[in-house]
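Encoded as structure tokens, the following chain is the form predicted on its own, with no partner shown.
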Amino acid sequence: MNNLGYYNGKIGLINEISVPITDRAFYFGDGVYDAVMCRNNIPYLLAEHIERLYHNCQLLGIVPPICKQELSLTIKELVKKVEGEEKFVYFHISRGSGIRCHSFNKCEGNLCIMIKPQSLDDVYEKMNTVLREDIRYELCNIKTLNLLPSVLTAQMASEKNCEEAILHRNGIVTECSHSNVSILKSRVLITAPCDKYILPGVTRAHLIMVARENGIQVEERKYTTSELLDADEIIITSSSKMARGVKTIDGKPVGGKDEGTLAVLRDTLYINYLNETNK
């Protein structure tokens, strides 16, 4: 298959799969999602992403229709049906279905999966970005389907021929429209703490782990836009980006002062991805 859509057990091409308008994802964005890269039919770090998905379900009182193990097995079987060496796997669980009403009754959620051929970003290509005010709500630690503010900031970046929008709240850097952002200063990795304003990214967690394994000090603390602009390097992390440096913010050059430390972090994460998906 060129791509694959799955909804509560039904399988077909993405454009062939329909979702009933009673699904609460349709009119409330009432659900949580996650996504992984897949290479050689091996979904990378799948268990960690599923664990986060089910934790988010618990935080919002959503009842998953299947257990973690069943979801893992389902995804591992479905990726084999899609052509290509590298693929992007998206999956979400909505709260369930019912006639539109803001309040809800506890019911079993709906499971949606989409798989398409997609290559990992070129991790060696530094990114152009923009800096924007973070206009999102205060549940950013939960990977919900309510993504309109992120969509708008991502579009702003795209219209400036940039790949990401780095966000801040009153001068305090949070994350990006769909990635985490960290900085290097004097060979110290500085990254925003996991509070309600950022998503605890799986790749971010591995960046921290790799830094410590290589003797690089890590500080999980708030940092300012001034620190961002003055950083030796800026690193953006996500499942599809791994760890990529930043070369401009709003058209002005940034970083480029510690390519060696950036290379250690970037290359280790990328090699780990290749090794774990080469079995």
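From 1 onward, residues are counted along the sequence shown. Not measured: the values here are computed from a predicted model.
Just so you know, the form predicted in complex with a small molecule exists too; it's not on screen, but the next bit is about it.
Site residues 143, 178 and 203 are all in contact with the small molecule in the predicted complex, judged by any heavy atom within 4.5 Å. Although the partner is absent here, residue 49 is a contact residue: one of its heavy atoms lies within 4.5 angstroms of the small molecule in the predicted complex.
Heavy atoms of residue 223 never reach within 4.5 Å of the small molecule in the predicted complex, leaving it off the interface. Mapping the unseen interface onto this chain, residue 199 counts among the residues with a heavy atom inside 4.5 Å of the small molecule in the predicted complex. By the criterion of a heavy atom within 4.5 Å, residue 237 is counted among the residues contacting the small molecule in the predicted complex. Just one listed stretch, out of 170-178, 125-133, 185-193, 91-99, contacts the small molecule in the predicted complex at the 4.5 Å heavy atom level, and that stretch is 170-178.
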